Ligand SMILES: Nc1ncnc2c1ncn2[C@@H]1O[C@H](COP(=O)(O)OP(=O)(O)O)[C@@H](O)[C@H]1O
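One chain follows as structure tokens, the form predicted alone.
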């Protein structure tokens, strides 16, 4: 799996830019605000049809423009494009996205999965200590790339959840509940939640079975089951809150390290040092790379986005050891962070402000 070229037009801070990749490793060098993270984000967008973070689609389009385009060509000549359009009326602004594979329009569920990538960025270091949404995003970012059933389930589940929440808000305001409408969206929610939960359980099991050489830990999956019985149980509370209170959108995972002396586990969020938390995420990235290769039979692209300023020399060496196994794209403010042997055999692309 190899990305040969990348073209950006009016994507975030890029007016027009074209990049070509000939070697296994590409080093993207530039000062802060030069667009290194936007560059990394564009590759993830071509892999999944969405951003790696929860942001508004309107933010993808360069200021004062109405259309952004991302295009990439893979080693097998497959051409992928995402077009993001801003459409304005007297009352509101609408953002529309179009997905194309070799010039043919596709739904996102069919567009995603042509290639896969793993991004390691400074924000990932907060996955352990941040909110549950960051850990759910970790699961989604991986599974949506390699599993069409999961991708489809999350798309349908998200739509059903949005509609059901709108119904709950209406009930809270009016006091009138249309059971037929709830029955339709409840069924969609329950059926697709079952797929999401099963796939997440399988990935968590893969993590726990994986032989961890950098840092050993175990993941606990705190799943929020959604069923007719649980929806009935939370019926009154949901009306009061105006939102659905159970389901995969409430899931969480936690990371625990072992205490061999006491034969116990301790939550890394509460008891781990900052160094141990970083090692956990570094180990997770290696697990993600292995999981993707196991599922799709190809190595994903590894993207290291400006992480060297966040790591000490020992951690940097562990990260650089990952570069030789697949196409790797590294963004950095200083070439000095990169070993000279790696630089010698890499494409070096310099960005300016």
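Numbering follows the first chain given and starts at 1. The shown structure was predicted, so the numbers you read here are calculated from the model rather than taken from an experiment.
What follows is about the form predicted together with the ligand, which we do not show.
> Using the partner position in the predicted bound form, report whether residue 314 sits within 4.5 Å of the ligand, counting heavy atoms only.
Contact with the ligand, no.
> Is residue 320 close enough to the ligand in the predicted bound form to count, meaning some heavy atom within 4.5 Å?
Because no heavy atom of residue 320 falls inside 4.5 Å of the ligand in the predicted bound form, the answer is no.
> Report yes if any heavy atom of residue 9 sits within 4.5 Å of a heavy atom of the ligand in the predicted bound form; otherwise report no.
Outside the cut-off, so no.
> Though only this chain appears here, would residue 325 touch the ligand in the predicted bound form if you measure heavy atom gaps against 4.5 Å?
Residue-level check for residue 325: no, no contact with the ligand.
> Can you tell me which of 56-64, 296-304, 280-288, 43-51 lies within 4.5 Å of the ligand in the predicted bound form, counting heavy atoms only?
Selected stretch: 56-64.
> Within 4.5 Å of the ligand in the predicted bound form, counting any non-hydrogen atom, which residues from 16-45 show up?
Stretch hits, in order: 31, 32, 33, 34, 35, 36, 37, 38.
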